[in-house]
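To begin, one chain is listed below as structure tokens, in the form predicted on its own.
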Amino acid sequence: MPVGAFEQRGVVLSTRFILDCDTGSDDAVAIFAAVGHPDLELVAVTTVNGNVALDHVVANTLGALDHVGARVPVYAGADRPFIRPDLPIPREVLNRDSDFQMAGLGFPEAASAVETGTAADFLVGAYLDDAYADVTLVATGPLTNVAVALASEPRLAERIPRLVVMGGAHGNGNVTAAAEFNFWADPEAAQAVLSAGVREVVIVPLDATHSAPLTDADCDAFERIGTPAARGAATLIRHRLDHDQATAERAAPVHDPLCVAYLARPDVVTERVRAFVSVETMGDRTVGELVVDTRPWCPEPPNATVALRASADVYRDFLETALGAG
């Protein structure tokens, strides 16, 4: 039986999930993989302010789904952080000297449109419905929508069966020395969500995503596959390779699809730790920092599993399977 699926009365069923994202280049690849992998079913997409402003996130999300011919409902979410009026450093200042984050991803104007209602309202309604009792929530952007939903309906902490988050860094961050972008962009939301008591939380931080980078050779392989999803992924990943200054050998982390890969291939995570986690909401140098308390005498019980390393081979295999179907 496929690793990411489960069996009911002899029938193999796909893993169903909702994707909450701030669609930039890696979120778009995650959408392609989510739509294409035979063991996954993307139920809905909720969008949030993050990599780019919300109107661009929504357009990119609809464009990515149209690109692979997928009809998946999309709900527009928060256009600002949970409590703060803006990111800790406004986006136009943060990205002033870089074109790494593209406001638009180059897709044609979408033919599809967003659904009525907000992302938070959709999440509340979905998870109070027993029909969604098996639906994992995957969050690959700032956790604003999830925080708003939990604040309006605290019972969701008991109703969400599993939350998989791309965010944080146990080692070095990428926006600051301490913080990864998603948790830094809305630290109060991240802390609220991680302290809400969701039954199963899996965090995929930079430690894991940086341990399984993708390369030009991977892009070549995706282009040979030839599907719209594979060609689109190759183009978006090459943009990341062109702008990643950390590696001379043209290898770069592609963060968000790793969370989707985890649903179908849990073996993509090769090292993990159960721990009590929290997010720093104050401090000029530490705001947004993911604190992973691995002390044997930690007074708080573990509230999350944190992925520390991942397999590039498994990740590549997952993507080739998923993109080959799209």
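Start at 1 and count along the sequence shown; that's the residue number. Being a predicted model, the structure only gives us computed values, none of them experimental.
As for the form predicted in complex with a small molecule, it is not shown, yet the points below apply to it.
Mapping the unseen interface onto this chain, Asp186 falls outside it, with no heavy atom inside 4.5 Å of the small molecule in the predicted complex. When the small molecule is considered in the predicted complex, Phe222 lies well away from it, no heavy atom lying within 4.5 Å. The small molecule is not drawn, but in the predicted complex it has a heavy atom within 4.5 Å of Met166.
Proximity of Val124 to the small molecule in the predicted complex falls outside the 4.5 Å heavy atom cutoff. Taking a 4.5 Å heavy atom cutoff to the small molecule in the predicted complex, the contact residue among Ser112, Asn174, Thr235, Thr215 is Asn174. Heavy atoms within 4.5 Å of the small molecule in the predicted complex map, among the stretches 255 to 263, 283 to 291, 61 to 69, 38 to 46, onto 255 to 263 alone.
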